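Next up: a single chain in structure tokens, the form predicted alone.
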């Protein structure tokens, strides 16, 4: 891992490979390590920038209020520190929310977009209440209960025990405060639906056919509204499509990235 100081925190990231730069933005409540299958396969012809978002993994949370926009600003500052002007951007789940925020603020810097197992609409009132309940649970009980609650939603029922254990470890290796802050940040994120029709870069929308958190219907809606986008469904995968079927996921990315 590399570490750089940006926006008042120590931000950890991987910088692997050479070629067209691609930023991989991880899901909640994981870290950059969820992208290991992509780092192994894609770094032969792409430059992969893979951060731990603030408060996740090895990155500090800091004192600035956490929001999707702040995560996006951190990525922008990281790219500035690396001298990278324009990038392809891939976000899975919460990473997609961050990608929308980045697109709103730094549109000219985005060359292609991958939106995986995410949604463009905001949380419902019920969803916001659930996020707050989970934030308080994490603050009071730590990350083990959250991991047990989320793994059946993140992975398909036939996921291997080793993959389940790996995801559990990634969750539990995070910081309680960072996870609680992210839950509250997701609850207050803006509606990105109006953004969809304005997206004018090559875009792929990826979804697992068994995703209970952001089901295929969400992906259909996004893809229908984004001009000339391509929809990729990954059979028998749930929410973490990049980990459950890396081969299919990586092939889907190639529709908007160099071969």
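Positions refer to the first chain, counted from 1. What you see is a predicted model; the values in this text were computed from it and never measured.
The form predicted together with D-malate exists for this protein as well; it is not shown, and the discussion that follows is about that form.
Participant: Is residue 94 close enough to touch D-malate in the predicted bound form, meaning at least one heavy atom pair within 4.5 Å?
Facilitator: Yes - in the predicted bound form, heavy atoms of residue 94 and D-malate come within 4.5 Å of each other.
Participant: Indicate whether residue 58 is a 4.5 Å heavy atom neighbour of D-malate in the predicted bound form.
Facilitator: Residue 58: no contact with D-malate in the predicted bound form.
Participant: Quick one: is residue 46 in contact with D-malate in the predicted bound form, heavy atoms, 4.5 Å cut-off?
Facilitator: Although D-malate is absent here, residue 46 would stay clear of it in the predicted bound form, with no heavy atoms inside 4.5 Å.
Participant: Heavy atom to heavy atom, is residue 109 within 4.5 Å of D-malate in the predicted bound form?
Facilitator: Output for residue 109 is no: heavy atoms all beyond 4.5 Å of D-malate.
Participant: Can you tell me which of 24-32, 219-227, 59-67, 199-207 lies within 4.5 Å of D-malate in the predicted bound form, counting heavy atoms only?
Facilitator: Of the stretches listed, the one contacting the partner is 24-32.
Participant: Identify which of 143, 181, 150, 103 has a heavy atom within 4.5 Å of D-malate in the predicted bound form; exactly one of them does.
Facilitator: For this set of options, the contacting one is 150.
Participant: Which residue, 186, 170, 88, 79, is the contact with D-malate in the predicted bound form, using a 4.5 Å heavy atom cutoff?
Facilitator: For this set of options, the contacting one is 186.
Participant: Given a 4.5 Å distance limit between heavy atoms, list every residue of 111-137 close to D-malate in the predicted bound form, or none if there are none.
Facilitator: Going through 111-137 in order - heavy atoms within 4.5 Å of D-malate in the predicted bound form - there is one hit, 131.
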